[in-house]
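Form predicted on its own, single chain, as structure tokens, below.
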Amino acid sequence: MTSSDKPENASDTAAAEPTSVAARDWATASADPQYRAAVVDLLGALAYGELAAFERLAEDAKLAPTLEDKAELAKMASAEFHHFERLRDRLAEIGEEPTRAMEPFVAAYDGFHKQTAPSDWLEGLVKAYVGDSIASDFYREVAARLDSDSRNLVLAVLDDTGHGGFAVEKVRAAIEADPRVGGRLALWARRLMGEALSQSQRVVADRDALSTMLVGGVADGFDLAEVGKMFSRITEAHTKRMAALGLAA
């Protein structure tokens, strides 16, 4: 999953203070079966997200206008697949079948990508930059509520693959060459924001253990006030990314 370059492209959530659960390791924290189920859901969602990102970047490479751009996207796709492998291996390590852990999230991710299929190279870049970064912000928020082993893995697979800076450079150059492009891409990015947030809400609502953890029923989840603050932070980070692209939020 591509995250975005600092400072303008990184959510403030990246530096969120871990909660008391962070003092525990996986062996201790996973003694709570509901907490374990929530983390398995989270890793499964992330794993399928990384696999889908790999597939999408490989497909987007076909739209690249130059061989250099095609090679750059191929390198990013490779990084996404490596992230997937780490999550898959971790699920197996804790005794979970990776495919089974991912399956509940296939419909939501595939639905999102079907609804937001880019029509050209620039829309593909904006989608990876904006859409993936919103998801990364959400997962970083959740990571602060995890045990130390799970948190470290989640943050590691959210590392930027380089797509952020690459997208900003290409999109700003395109707008400079033809300012009319900016209006179209701004509308596209707003649509992506709405679809990405809807997808996140659907994923959480469909998984009882994960939703219970997020609203404080397991370990150190968010209370309702914190949920509102979390989405405000995600929205603020999105606005900063739009500005980095040279687009109006």
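All figures in this text were calculated on a predicted structure; none of them were measured in a lab. Position 1 is the first residue in the sequence shown; the rest follow in order.
FYI, the form predicted together with another copy of the chain isn't displayed, but the following is about it.
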For another copy of the chain in the predicted complex, the stretch among 76 to 84, 167 to 175, 119 to 127, 143 to 151 with residues bearing a heavy atom within 4.5 Å is 76 to 84
Report yes if any heavy atom of A71 sits within 4.5 Å of a heavy atom of another copy of the chain in the predicted complex; otherwise report no. yes
- Query: Can you check whether K62 is within 4.5 Å of another copy of the chain in the predicted complex, heavy atom basis?
  - Reply: yes
May I ask you to state whether E103 is within 4.5 Å of another copy of the chain in the predicted complex, using heavy atom distances?
yes
In the predicted complex, does D206 come within 4.5 Å of another copy of the chain, counting heavy atoms only? no
From L197, A58, A37, V181: within 4.5 Å of another copy of the chain in the predicted complex by heavy atoms is A58
Partner-free chain; cross-checking another copy of the chain in the predicted complex, the single residue of L43, A29, M193, L51 with a heavy atom within 4.5 Å is L51
Contacts from 109 to 137 to another copy of the chain in the predicted complex (any heavy atom within 4.5 Å), listed N to C, are none
